[in-house]
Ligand code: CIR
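For reference, the chain that follows is the form predicted on its own, supplied as structure tokens.
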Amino acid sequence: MFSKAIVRIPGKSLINGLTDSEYLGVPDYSRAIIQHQVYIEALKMCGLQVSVLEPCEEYPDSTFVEDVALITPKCAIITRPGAQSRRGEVEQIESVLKSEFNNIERIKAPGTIEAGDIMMVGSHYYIGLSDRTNTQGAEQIITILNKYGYTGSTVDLNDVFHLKTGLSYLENNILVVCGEFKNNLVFSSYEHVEIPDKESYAANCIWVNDFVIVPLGYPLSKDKISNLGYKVIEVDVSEFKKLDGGLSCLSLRY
């Protein structure tokens, strides 16, 4: 169960964020602010105390706070983003985490890792090897996890941007899967909720205290999750989709 979350309000520089989805257009800042506020309210509905950080205009992608830190029950790990333009974000989040955690670990060069590539399942952490997360970064994370009694393993990615672009763990041995993960033997022991390819964006959803927050506009995926007995909350994050961001990227939950 989670009790807290950290989010960062998007800055006006959001429109200059990194993206491989230019065809979706430039984010509308005003709409992004409204969507972000609704996202915060959804987290509160799930019972979380939400710490809201001020915008950081120097870093257009800084609203995606999940990528720059991994919070486990026993420690916080400051990552080292694969995107050079995001490296300075770690100092911004570290100053916040210092007030919450006594155990703060750090990933060092030449390792790179973004926590959008890390999925926690109980005491095990799956780590996607992507354009943003390299083998050295994954190995460092696993070493740190082992130090605190956790385990980790790597997953090769072929098509998705981050591991959690196509996977979400909903507890109870239930795994939301899409695309390349549908037939991946690494995840064969889980009960699969298969997301249709045309709704692939909905594969990035988040379990929060028996609620599941899903992106608005993907009815087939919503119904599949609802039919499993979860309380589903829909949140419109269409402006963040334009920057390859999803629901999990927008908060650190712990």
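Just count from 1 along the sequence shown to find any residue number. Just so it is clear, the structure is predicted and the values come from calculations on it, not from any experiment.
Below, we turn to the form predicted together with the named molecule, even though it does not appear here.
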- Message: I'd like to check something about residue 80: if you look in the model of the complex, is any of its heavy atoms closer than or equal to 4.5 Å to a heavy atom of the named molecule?
- Response: no
- So in the model of the complex, does residue 233 come within 4.5 Å of the named molecule, heavy atom to heavy atom? no
- Message: I'd like to know whether residue 18 contacts the named molecule in the model of the complex, with contact meaning heavy atoms within 4.5 angstroms.
- Response: yes
- Task: Although the named molecule is absent from this view, report whether residue 5 comes within 4.5 Å of it in the model of the complex, heavy atoms only.
- Result: no
- Item | 10, 59 and 239 all contacting the named molecule in the model of the complex, non-hydrogen atom within 4.5 Å | no
- Only one of 91 to 99, 158 to 166, 120 to 128, 176 to 184 sits within 4.5 Å of the named molecule in the model of the complex by heavy atom distance, namely 158 to 166
- When the named molecule is considered in the model of the complex, the residues of 53 to 68 having a heavy atom within 4.5 Å of it are 61, 64, 66, 67
